[in-house]
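Okay, here we've got a single chain as structure tokens, the form predicted on its own, with questions on binding and movement later.
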Amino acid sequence: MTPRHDRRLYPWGLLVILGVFLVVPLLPYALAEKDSPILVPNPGAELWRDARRAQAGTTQVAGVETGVLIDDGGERWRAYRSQWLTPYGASILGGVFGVLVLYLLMRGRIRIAGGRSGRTLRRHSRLVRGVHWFTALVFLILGLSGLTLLYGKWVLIPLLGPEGFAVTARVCKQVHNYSGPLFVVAIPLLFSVFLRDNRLDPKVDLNWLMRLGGHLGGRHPSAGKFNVGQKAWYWIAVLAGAVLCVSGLLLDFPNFGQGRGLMQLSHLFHTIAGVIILAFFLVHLYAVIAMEGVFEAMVKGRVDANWARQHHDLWYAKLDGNSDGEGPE
């Protein structure tokens, strides 16, 4: 064999040697049965598997669930909030608002029958009005900021742009968080001040409810100082307000020791209670706008005698001729 032929064999010989050293060690894997493959463990796979399962690890930061790196529950909560909670809440509020506007346009304002008499009765003291307006102010601040956080990206981004909405949302979040504890003060005050006149009277309240307060026509049903609609608004405000206070504190102060699951549950109850109380507030707002004489009762504390006789005849009969009814506050 000539030296030229020897030089041609060098590359082939090198490939054979590499094949022996590279291929032969892999033959056991290639010849292994498909049903029982040889698995090479990945040292990081188990770590990430536990992380995806929200398995707690160890961390230098002490606290509740600080060892949980990834929580799939957060993604499930986000999907539930965006697909169910937010759209259904919008449907409820939009539906109630639409019905009330339509009814107002069809019926118009409810005037005082026979006009004003010129004689007034004291209906609410300064304390009652003060508690009412304090609660109303805090509620409006929380309601508007909460609605902005819940629905603002659909309404405000087209108007303000992403950057403008980001600033608005940040301000609303701070306002909502810092105003929340004031609501914790307002709800117990509201409960205690209005409780006496909002106890249920089954016979009178059932009759008012069956006739829907006279909105179906006919003679206006009898009512005490507050009718059953106003009593329902009071109890909804107190009960839903209590849920908002408790859930809001859990969301506002995560250092209470609650974990992610409780925070997500608090967010759920907070949103549901908020939608319920806002829906009833729209009905309350309708009464203030549609019924002559309602607004001045909470501003001046006094109402016209004909208004009292028309809407709250049992209360009027109790005060008629009583000096306390027309006396100073």
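Residue numbers here begin at 1 and follow the sequence given. Bear in mind the structure is a predicted one, so any value in this text is a computation, not a measurement.
Note that the form predicted in complex with a small molecule isn't included here; everything after this is about it.
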### Message
Is residue 125 near the small molecule? Define near as a heavy atom within 4.5 Å, in the predicted bound form.
### Response
no
### Query
Wondering, does residue 269 line up within 4.5 Å of the small molecule in the predicted bound form on heavy atoms?
no
### Query
So in the predicted bound form, does residue 112 come within 4.5 Å of the small molecule, heavy atom to heavy atom?
no
### Query
Does the small molecule get within 4.5 angstroms of any non-hydrogen atom of residue 221 in the predicted bound form?
no
### Summary
Among 171, 92, 189, 184, just one has a heavy atom within 4.5 Å of the small molecule in the predicted bound form, namely 184
#### Entry: Stretch in contact in the predicted bound form with the small molecule, which is absent here, among 155-163, 204-212, 137-145, 97-105 (heavy atoms within 4.5 Å)
137-145
